[in-house]
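The structure tokens that follow cover one protein chain in two forms, given apart as structure 1 and structure 2.
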Structure 1
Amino acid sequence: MKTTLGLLVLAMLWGPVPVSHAQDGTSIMKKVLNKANWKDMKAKVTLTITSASGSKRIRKIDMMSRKRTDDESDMLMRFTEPADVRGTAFLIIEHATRDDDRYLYLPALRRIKRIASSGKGGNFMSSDFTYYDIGKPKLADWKYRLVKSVFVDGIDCYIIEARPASPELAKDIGYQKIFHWVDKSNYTIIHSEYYDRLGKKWKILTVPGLKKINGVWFQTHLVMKDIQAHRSSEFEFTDIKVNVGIPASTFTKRALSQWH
């Protein structure tokens, strides 16, 4: 599960790259997916899931992440709300060559639990974001096509169509195709539309919050709407700090159970 850790971090850090000319869909997406340069970061995250009936599940999380190697990252998420899960903590240690390690600490039981990796199409923390949606997609998994250029709210955008390269992937993630609106000025995705395997529009991603922090563009507010089930999920990031020098000992099982 290489992509797992991509999680929020990579979604946020799809940074800007230089503009070139006469591009096709694949070369545009290559630029979009190009990693930004960062060592570690921390932020406060609010995950809100809203159902069709208006029922909400709100989770508040303190998040920390670092790059362990070029291809591997670690991430710790500590839940602060609601009160009954306060102190539970989720640790992900990414591995390039095998499944990631995932651990959850449960304070009521004073116990750390290893959690098995789930599929890419699996929903992240029961939200409308799948691990795939928030992870960094592998370029080779998709066939990209530049549909056209448009102006949306005064922003010059490419519309890129992405189709799964293999039927297995299509079945796993449940998408027939995705359209990405890519801002030409900074190569960030500002809007995406996901189609289910029947070809019906299924989910819409919007990015109401985009901020430049320490020279890096962050998607600070992501909204994924499931227009079929009428549910939606939002990630909101605040207090983002980059390259603050988080010690490696933070990302260990031992540290999981210690409340800061």
Structure 2
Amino acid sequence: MKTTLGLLVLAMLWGPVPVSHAQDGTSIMKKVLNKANWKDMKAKVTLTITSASGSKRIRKIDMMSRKRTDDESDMLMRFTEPADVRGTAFLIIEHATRDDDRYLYLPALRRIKRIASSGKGGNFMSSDFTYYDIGKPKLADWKYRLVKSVFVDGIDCYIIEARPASPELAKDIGYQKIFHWVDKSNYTIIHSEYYDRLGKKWKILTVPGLKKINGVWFQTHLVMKDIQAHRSSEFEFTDIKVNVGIPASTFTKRALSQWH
């Protein structure tokens, strides 16, 4: 939540400040990706998809996640509303040294679809988040560069440039590079800019909501804007509960089609 992420407006002016070389981009992103102090969590999620014309589609989701190791976690998202998507479920099983397993259960077809590596760049449930965006990126998937430090709206941030570590990944996800704004005080991403394979700015992620729960910072509201297609998608997380003892059997392919 995915790692799980107010509002920063790019039109605001910021000034660069000297960067300390005590940390590099990789070490900073390692702290971002490997949050401590939580074993599992669950939440209610609202996904709002806004088209270029302004029409909205709203989806309600039950989400659960757990950490297996420092580098591996599982996440299940099960759609509860509206009726046409009720029972649809998405499962990610992360692996430290190989591609993650991604499965989509489609109740109308009564089948489980595996999302292949080449499909990671596909739109998740017709939103502006891809299947890859939903999961936690692997540290080794990217080459990170610390660009500079900036103050934005009073927040001291690192700007980290991330580029795919392989041509295969770049092709699969459709991103040439991503810039992340990382809050130095809690190592949480509060803003990201995504560029397509031609180097044109494609999407902007903002994080209007951050909340500290049981000592862990969670992104509680994420907005992804596709500035090329003039549309956007939002995830809003409520009723977040941490360390509740979710059984491992919840995060299995067999359980994916079962309604709880």
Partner chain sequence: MKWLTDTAIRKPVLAILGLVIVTAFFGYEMRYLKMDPDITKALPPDLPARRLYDSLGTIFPSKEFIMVLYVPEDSLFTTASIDHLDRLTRELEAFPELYKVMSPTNVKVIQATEDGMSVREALGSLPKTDDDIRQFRDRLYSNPLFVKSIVSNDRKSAGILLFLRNTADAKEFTSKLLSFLSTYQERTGEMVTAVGKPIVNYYVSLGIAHDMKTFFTSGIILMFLLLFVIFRSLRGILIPLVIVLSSVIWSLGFMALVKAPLSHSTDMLPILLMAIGIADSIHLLTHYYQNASRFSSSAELMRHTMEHLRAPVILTSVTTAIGFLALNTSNMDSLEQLGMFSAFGVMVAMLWSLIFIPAVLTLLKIKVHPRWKKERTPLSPTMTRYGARLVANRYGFLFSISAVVLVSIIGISQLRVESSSIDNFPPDHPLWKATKIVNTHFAGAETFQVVIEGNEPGAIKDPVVLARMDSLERFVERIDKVGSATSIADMIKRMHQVMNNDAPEYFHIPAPVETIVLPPTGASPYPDTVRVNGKDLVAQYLQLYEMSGSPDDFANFVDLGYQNAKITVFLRSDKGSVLTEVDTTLQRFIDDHFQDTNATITGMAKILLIVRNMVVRGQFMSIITSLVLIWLLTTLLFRSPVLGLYCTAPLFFAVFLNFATMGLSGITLSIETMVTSSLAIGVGVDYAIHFIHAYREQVRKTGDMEKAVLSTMGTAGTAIVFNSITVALGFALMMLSTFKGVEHMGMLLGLTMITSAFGALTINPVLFLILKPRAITKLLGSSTGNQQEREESIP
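Here, a residue number simply tells you its place in the sequence of structure 1, counted from 1. Small disclaimer: the values here were computed from a predicted structure and weren't measured. Just so we're on the same page, rigid core means the largest C-alpha set that superposes within 1.5 Å between forms.
Is the form predicted together with its partner chain shown as structure 1 or as structure 2?
Comparing the pair, one sees that structure 1 is the form predicted together with its partner chain and the remaining one is not.
State yes or no: after fitting on the rigid core, is the Cα displacement of residue 224 between the two structures at least 2 Å?
The answer is no; the displacement is under 2 Å.
Please say whether, between the two structures, the C-alpha of residue 237 moves by 2 Å or more once the core is aligned.
No, shifts by less than 2 Å.
If the two forms are fitted on the core, does residue 90 show a Cα displacement reaching 2 angstroms between the two structures?
Comparing forms between the two structures, the residue 90 CA shifts at least 2 Å.
Once the two forms are fitted on their rigid core, how many angstrom does the CA of residue 78 move between the two structures?
Comparing between the two structures after core fitting, residue 78 shifts 4.0 Å at its C-alpha.
In Å, how large is the CA movement of residue 253 between the two structures relative to the superposed rigid core?
Comparing between the two structures after core fitting, residue 253 shifts 8.1 Å at its C-alpha.
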